[in-house]
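So this first bit is one chain, no partners, the form predicted on its own, shown in structure tokens.
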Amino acid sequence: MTHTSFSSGHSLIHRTDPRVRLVLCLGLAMVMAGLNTLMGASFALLLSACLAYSAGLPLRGVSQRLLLVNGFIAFLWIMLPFSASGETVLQMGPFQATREGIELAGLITLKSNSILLCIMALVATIPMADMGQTLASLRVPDKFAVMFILCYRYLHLIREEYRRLASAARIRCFRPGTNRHTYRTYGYLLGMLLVGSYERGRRVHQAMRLRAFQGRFYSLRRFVIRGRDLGVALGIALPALALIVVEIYARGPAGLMG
């Protein structure tokens, strides 16, 4: 999600005002999270896939992130079909897979992938240099915006520091295993990482105080909502409304009454 290659592009979505994209993503994610039918979730996945295609996202980067998320969802397919009560469709020894459990696992899979694709298309395409200004323009508290930007910036540094420590351990012929030496080594590595992160954070805090930091990042860029941005918002909002209609239709009479 934090791959900077997503934010570099010239598609219509990339040129849309970041505030519009952020609000649209929040609205779409809320709609998708509230879906309860496979038909509605399937339509949501199609809509998110179209957004990702319109943003021109690299297929390899999108696939890697989807595989990572679906790796966790795979555990739901192991548990839910055999733990939910309902009509039995598969018998495996003492275990019984139910239709309701399979449908629930499928619904969670579709919704999770839909929301992830939506975030990648609308939020991951916003450069981090503009994200702080975008949050401030939407009246998000300054402390939250600053913490978001700093976390994004220094997570990469912490990852690089971990790689450096892990490489140093491998050079010293460290081979991980299930023994006390491995656990002790990883404990030392984690401790050094935490101490190094604390010291780096203290130095950054002192440097920011010396530069008279007042708890807010300022940007020379001014966001202006144009007709093109409103057109993109309308082009995404209409399919979102259609998604709600499909969900109500898929629920049948109960959905119409609700």
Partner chain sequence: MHISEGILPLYLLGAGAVLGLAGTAVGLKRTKQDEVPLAGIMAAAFFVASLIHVPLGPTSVHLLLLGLVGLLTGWACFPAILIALLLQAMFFQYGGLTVLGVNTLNMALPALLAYLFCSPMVRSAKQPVVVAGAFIAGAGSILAAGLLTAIVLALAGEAFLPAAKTVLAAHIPVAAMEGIITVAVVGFIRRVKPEMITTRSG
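Keep in mind the model is a prediction, meaning the values are calculated, not measured. Numbering follows the first chain given and starts at 1. Here, rigid core means the biggest group of C-alpha atoms that superpose within 1.5 Å across both forms.
This next part talks about the form predicted together with the partner chain, which is not shown.
The partner chain is not shown here, and in the predicted complex it never comes within 4.5 Å of any heavy atom of R172.
Contact check for Y186: a non-hydrogen atom falls within 4.5 Å of the partner chain in the predicted complex. Contact annotation: G231 falls outside 4.5 Å of the partner chain in the predicted complex, judged by heavy atom distances. In the predicted complex, none of the heavy atoms of A97 sits within 4.5 Å of a heavy atom of the partner chain. Interface residue among C151, A168, A74, M92 relative to the partner chain in the predicted complex, by the heavy atom within 4.5 Å criterion: C151.
Contact check at 4.5 Å (heavy atoms) against the partner chain in the predicted complex: none of V20, E103 and A136 pass. Along 94-122, residues L104, I108, K111, S112, I115, L116, I119, M120 each place a heavy atom within 4.5 Å of the partner chain in the predicted complex.
Once both forms are overlaid on the rigid core, the distance between the two CA positions of M147 between this form and the one not shown is 2 angstroms or more. Once the cores line up, the CA of V195 ends up 2 angstroms or more apart between this form and the one not shown. E87 shows a C-alpha shift below 2 Å between this form and the one not shown [criterion: core-superposed Cα displacement of 2 Å].
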